[in-house]
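To begin, one chain is listed below as structure tokens, in the form predicted alone.
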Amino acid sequence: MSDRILVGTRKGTFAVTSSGGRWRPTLVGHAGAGVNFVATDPHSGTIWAALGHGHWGAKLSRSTDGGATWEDAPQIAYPDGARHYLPPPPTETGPGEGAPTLKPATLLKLWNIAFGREGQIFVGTIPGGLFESRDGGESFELNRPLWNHDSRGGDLFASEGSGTTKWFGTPAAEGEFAPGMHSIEIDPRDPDRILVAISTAGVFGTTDGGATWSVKNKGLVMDYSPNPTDEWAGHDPHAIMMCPGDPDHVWQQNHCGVFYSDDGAESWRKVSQPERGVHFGFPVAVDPNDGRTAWLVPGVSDMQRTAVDGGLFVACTEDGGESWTHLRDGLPQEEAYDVIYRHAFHIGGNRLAFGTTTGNLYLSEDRGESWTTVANNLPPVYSVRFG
């Protein structure tokens, strides 16, 4: 098990390390800058950080010496001619009005980083692009088959396309209400099999390394849509997570509940239990070997992003969502206003860790049975990863 937790926050990158049985947080980089995601490449040991500078915009940063020093990495940019249909933003009472607008693609946010084969790095963005490097991050290219998917209007490099889009927006970045790719899951058995999740379009998958893509929304339910089981309907996954040791098991925390697949995301079934407080939330962690075991940190709702009934708890299932257990030992049970974002929960061996928007970092060393606060007063936490 790793004795280091990398934490991306609104004001820098922290390393929380264990020494003599005590965990201590240290600011290791990007002081004052938003860090949307930070993780270690398991092949090279390089730490990668996706930054959101208020002044300089979205930038990639990397460290080859464990976080002692950082350098600007080769940057991601949309190629000339990249365009997308921008849907109208929603109103208080429903979907936006009017036709989509065809606009040049502008990088608004770097939201997620994933590692495939040695030298292969993926980055998901707002406005919904998947970028890939095959040379260890020295260069990145937009995956055009997904960008040009018919659901987005077709190949907008070559023409005006269909004039329609099934990809709607997310408020997760300032500026345009554009789609965002926040989850990239790679099958360890076959790195050509990749799942991605988009707010707001749902889940897509490829089995040929990104040459072709198909939608994976069967079984999802969008409660507030006139057609809740429609293939598109504005499905809004908050995060998806694949079981590394059993990759046909995939979990999804969705705007409209908790969903689980045991057939590689070919179909989903809803496993929420609202009467148990298990329904709305952002992150999900999955046992590395047992795909039926997962943990969530529920919240009340999108309109009330606080702990359920004021008590913070982790929900655990060991039977694919048939039943859920509340794990509360060591967590605040009164006046808890912690919110946990989609990348701020992770598992490493028997350890679980999550960080909150109130700057708390909680750790369990016994698979969630008990929890310890290992950091207070951090900036709002965006990302938590062991390694």
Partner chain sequence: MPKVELTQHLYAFFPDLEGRELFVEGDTVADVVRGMEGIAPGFAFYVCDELGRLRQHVNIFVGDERVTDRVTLTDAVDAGSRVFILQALSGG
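Remember, it's a predicted structure, so these values are computed and weren't measured experimentally. Positions refer to the first chain, counted from 1.
Below, we turn to the form predicted in complex with its partner chain, even though it does not appear here.
The putative spot formed by R276, L312 and V339 is not touched by its partner chain in the predicted bound form; no residue has a non-hydrogen atom within 4.5 angstroms of it. Its partner chain in the predicted bound form is not approached by G45, whose heavy atoms all lie more than 4.5 angstroms from it.
Contact annotation: Q75 falls within 4.5 Å of its partner chain in the predicted bound form, judged by heavy atom distances. Residue contact with its partner chain in the predicted bound form: G57 places a heavy atom within 4.5 Å of it.
When contacts are judged by a 4.5 Å heavy atom cut-off, K11 counts as touching its partner chain in the predicted bound form. A105 is the sole member of C316, M241, A105, L195 with a non-hydrogen atom within 4.5 Å of its partner chain in the predicted bound form. Of the candidate stretches 324-332, 341-349, 57-65, 354-362, only 57-65 contains residues with a heavy atom within 4.5 Å of its partner chain in the predicted bound form.
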